[in-house]
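Next up: just one chain, as structure tokens, the form predicted alone.
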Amino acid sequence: MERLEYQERDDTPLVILDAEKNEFLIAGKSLPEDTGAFFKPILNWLNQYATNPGEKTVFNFKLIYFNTATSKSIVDLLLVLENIHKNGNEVLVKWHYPDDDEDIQDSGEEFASIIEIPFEQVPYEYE
């Protein structure tokens, strides 16, 4: 599968989806004007990956800010990951959050409560 990568911009996150290197990351700020248009290729890529996933998929979210529309897109991505898991593949979501940001931490807990896959909260020191 071809790697999908978007560089971080003022209103969109860094996105790296690389099945060959087993690297899955969305990081930074996410408040695109058209959230659906931004996340559509990401969701399409993940759906294609789901047809023949790797042995273990570790998907990292390291967002420092995201809008409500992005929340829905995150849920859509998590549901695809949940389907990969339900089909017998190993999946882990790592939700990285600044150790002093309760809102991002709480968001991770909310996402973890609505999906049935292993979900790990990972605090880090934000500079």
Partner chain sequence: MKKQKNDAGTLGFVYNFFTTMQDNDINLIYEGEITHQITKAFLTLTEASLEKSDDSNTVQKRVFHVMVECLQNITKHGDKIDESEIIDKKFSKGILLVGKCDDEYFVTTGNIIKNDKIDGLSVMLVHINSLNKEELRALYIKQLNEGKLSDKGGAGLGFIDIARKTGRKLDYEFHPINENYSFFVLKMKISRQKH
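Keep in mind that this is a model prediction, so the values were computed, not measured. Positions refer to the first chain, counted from 1.
There is another form of the same protein, the form predicted together with the partner chain; it is not shown, and what comes next is about it.
Asks: Is every one of 21, 46 and 50 within 4.5 Å of the partner chain in the predicted bound form, counting heavy atoms?
Replies: No, none of 21, 46 and 50 comes within 4.5 Å of the partner chain in the predicted bound form.
Asks: Taking any heavy atom pair closer than or equal to 4.5 Å as contact, tell me whether residue 111 reaches the partner chain in the predicted bound form.
Replies: Residue 111 belongs to the contact set for the partner chain.
Asks: Please determine whether residue 41 contacts the partner chain in the predicted bound form, using a 4.5 Å cut-off between heavy atoms.
Replies: Because no heavy atom of residue 41 falls inside 4.5 Å of the partner chain in the predicted bound form, the answer is no.
Asks: Mark residue 64 yes when one of its heavy atoms lies within 4.5 Å of a heavy atom of the partner chain in the predicted bound form, and no otherwise.
Replies: Yes.
Asks: Flag residue 32 as yes or no: does it have a non-hydrogen atom within 4.5 angstroms of any non-hydrogen atom of the partner chain in the predicted bound form?
Replies: Answer yes; at least one heavy atom of residue 32 falls within 4.5 Å of the partner chain in the predicted bound form.
Asks: Taking 4.5 Å between heavy atoms as the contact cutoff, choose which of 58, 27, 69, 77 touches the partner chain in the predicted bound form.
Replies: Partner contact (heavy atom, 4.5 Å) among the options: 69.
Asks: Along 8 to 30, which positions have a non-hydrogen atom within 4.5 Å of the partner chain in the predicted bound form?
Replies: Sequence-ordered list: 10, 11, 29.
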